[in-house]
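Below you'll find only one chain, the form predicted alone, shown as structure tokens.
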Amino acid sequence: MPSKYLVVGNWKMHPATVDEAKVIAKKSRLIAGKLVRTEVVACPPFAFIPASVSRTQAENFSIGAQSVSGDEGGAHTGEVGAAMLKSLGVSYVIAGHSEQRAAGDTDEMISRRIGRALDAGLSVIACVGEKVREESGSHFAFIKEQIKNSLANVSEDKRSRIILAYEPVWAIGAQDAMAPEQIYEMSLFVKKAFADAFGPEAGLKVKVLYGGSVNFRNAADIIVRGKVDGLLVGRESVNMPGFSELLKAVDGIGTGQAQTA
């Protein structure tokens, strides 16, 4: 069991206004401050990061970015660099999200994004996951290649700032999340693939999150029975009543207060 669970809220392209973003960030920050066993990372759209950053140190709460440029600077219109994010108070970056992969990001591009983020001192939530789950088991090889290629330029001294998020593409936005038993199988495999790249000790220490149709009803069950270190939450992270209940459920694991299916 990790010292603290990690719940990452990917706001995607929500909400519509900066005032709404301020409210969501403030409420998330206040909830996080009451947690004991859980850390929260809120990842707003780039435009809302400054409004979401707290002026004072917030307990169990950090700001992340949904992506980062693979370039250090220069003539790259529309891109946002890792040093820029760091200067705004960002601590984490999501890289390789399935939506960005679908939009054209290759493992090589993701590797560059990860490298820039790590060089800037940021922690990286590196996403991997299969489009379809094959009975032949070919998805295992697919994920192993994603991990190997996406983390190709990560040096050993920076591997501790890598967090792996397993998000099966077919489960994102689905009515139900992946079965906890399957999540457990995949979390073990993802750790093994990381160990193959960085050594057995690194494989034991790396945190693995699950993402895909996570909500307050299934969050604790996914962690307890799926044996993951936390969650990557999409649409529920901007639904404050639901996200609040989700965080309480996760924080209650091991205390008798968590509800599992």
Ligand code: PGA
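As the structure is a prediction and not an experimental result, all values here were calculated from the model. Residue numbers here begin at 1 and follow the sequence given.
One more form of this protein should be noted, the form predicted in complex with 2-phosphoglycolic acid (PGA), which is absent from this view; the next part is about it.
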query	finding
Whether Lys4, Ala219 and Gly230 all lie within 4.5 angstroms of 2-phosphoglycolic acid (PGA) in the predicted complex by heavy atom	no
Proximity to 2-phosphoglycolic acid (PGA) in the predicted complex, single hit among Gln66, Ser213, Ser69, Asn60 (heavy atom within 4.5 Å)	Ser213
Of Glu185, Glu99, Asp119, Glu145, the one that lies within 4.5 Å of 2-phosphoglycolic acid (PGA) in the predicted complex (heavy atoms)	Glu99
Option from 91-99, 153-161, 130-138, 185-193 whose residues, in the predicted complex, bring a heavy atom within 4.5 Å of 2-phosphoglycolic acid (PGA)	91-99
Residue contact check: Ile172 to 2-phosphoglycolic acid (PGA) in the predicted complex, 4.5 Å heavy atom	yes
Partner contact for Arg235 in the predicted complex: 2-phosphoglycolic acid (PGA), 4.5 angstroms, heavy atom	yes
is_contact(Lys12, 2-phosphoglycolic acid (PGA)) in the predicted complex, heavy atom dist at most 4.5 Å	yes
